[in-house]
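Read the single chain below, which is given as structure tokens and is the form predicted alone.
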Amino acid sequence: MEGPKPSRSEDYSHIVSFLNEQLRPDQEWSIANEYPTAITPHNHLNMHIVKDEQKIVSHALARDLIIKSPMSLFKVATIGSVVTDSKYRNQGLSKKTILNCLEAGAERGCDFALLWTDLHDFYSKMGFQLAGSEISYNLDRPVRQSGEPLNYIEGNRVSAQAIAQLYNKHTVVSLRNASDIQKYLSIPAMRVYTAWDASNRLRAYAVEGKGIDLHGYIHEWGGDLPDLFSLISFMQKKNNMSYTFIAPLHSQNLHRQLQGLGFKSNHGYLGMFKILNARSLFLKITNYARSVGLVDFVLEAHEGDQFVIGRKGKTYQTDSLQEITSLIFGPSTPNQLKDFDPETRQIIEKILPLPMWVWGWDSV
């Protein structure tokens, strides 16, 4: 058995064949078409494999995202396409391959890793923690119409640059260029809807579905809320269906408006997180706290895997990085760690949880 180790360029076509056989046996498209910025020859060094002689038997990949938030830029290793051939399971190969991905991600300077899975127990044994927040709504009736007449179009033949301009108005985004968006627009089994004004300016967009995943979910969207809501109402009427709309916790105006219209919110986790470079991540958070005048805020990683949080003179120490992860990304609160005094709790809550989000096109 050889590996796990990063693949070579000549392994790429064999990896795609292996993933199609294992994960997409009944689909007419290749899995590479679903993940055009992750399963690509340019990312082969982040595609980790185990071989038995020349046969690929286990695989996991990482795709690095640079996520821009009001606090800082964060480098994130998103992990996906984890699979082991059925004949080689129960040998720990998937675990070894994932750990290889994580070690490489730490060496690349990634602040943390993030993945999406239902196998919570399996990944928690590797230090992952369910964390972050995803707010969803069942839009089972029309939202409302914009006061301005708009032209609605279904189809992926839309300007990637126009979508990029609306996308970049979000407060938390992964850095994309128009070329990335153009690749995303070619993903199979995906519906793209856009709303245009009389001057042929893109006013809103919404994306539903992504390959075999996210059917019925609006996972990418942008535009002013009246225009976006009007576009969703068009989608509902055209397709005679309801949609699950997913949004980050920090989109407070959106939540107020949807809840004001009588839609109930459902709170879920963003994914499973594992901090890879605690000192780098903590420094970014602390620097932001200093920049907004919270000079007493403390978040430190000490020798011996000890982590400290609080304010000067009022700190809490733990050896559980998973505990700290849930506080940094949510949904844990300071009082779930310790009975902090009111001033310390208020300082922590002004900084944490981080506004963090990964849009549907970027999931792997």
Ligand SMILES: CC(C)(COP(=O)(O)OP(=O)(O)OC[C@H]1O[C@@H](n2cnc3c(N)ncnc32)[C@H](O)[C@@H]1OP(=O)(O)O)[C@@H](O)C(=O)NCCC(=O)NCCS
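Keep in mind it's a predicted model, so treat the numbers as computed, not measured. When you see a residue number, it is the position in the sequence shown, counting from 1.
One more form of this protein should be noted, the form predicted in complex with the named molecule, which is absent from this view; the next part is about it.
- Residue contact with the named molecule in the predicted bound form: residue 164 places no heavy atom within 4.5 Å of it.
- Heavy atoms of residue 125 reach within 4.5 Å of the named molecule in the predicted bound form, making it an interface residue.
- The named molecule is not shown here, but in the predicted bound form it comes within 4.5 Å of a heavy atom of residue 84.
- The named molecule in the predicted bound form is approached by residue 23, whose closest heavy atom lies within 4.5 angstroms of it.
- Per the 4.5 Å heavy atom criterion, the named molecule in the predicted bound form is contacted by stretch 90-98, the sole one of 278-286, 149-157, 257-265, 90-98.
- Checking 175, 178, 292, 119 for any heavy atom within 4.5 Å of the named molecule in the predicted bound form turns up a single hit: 119.
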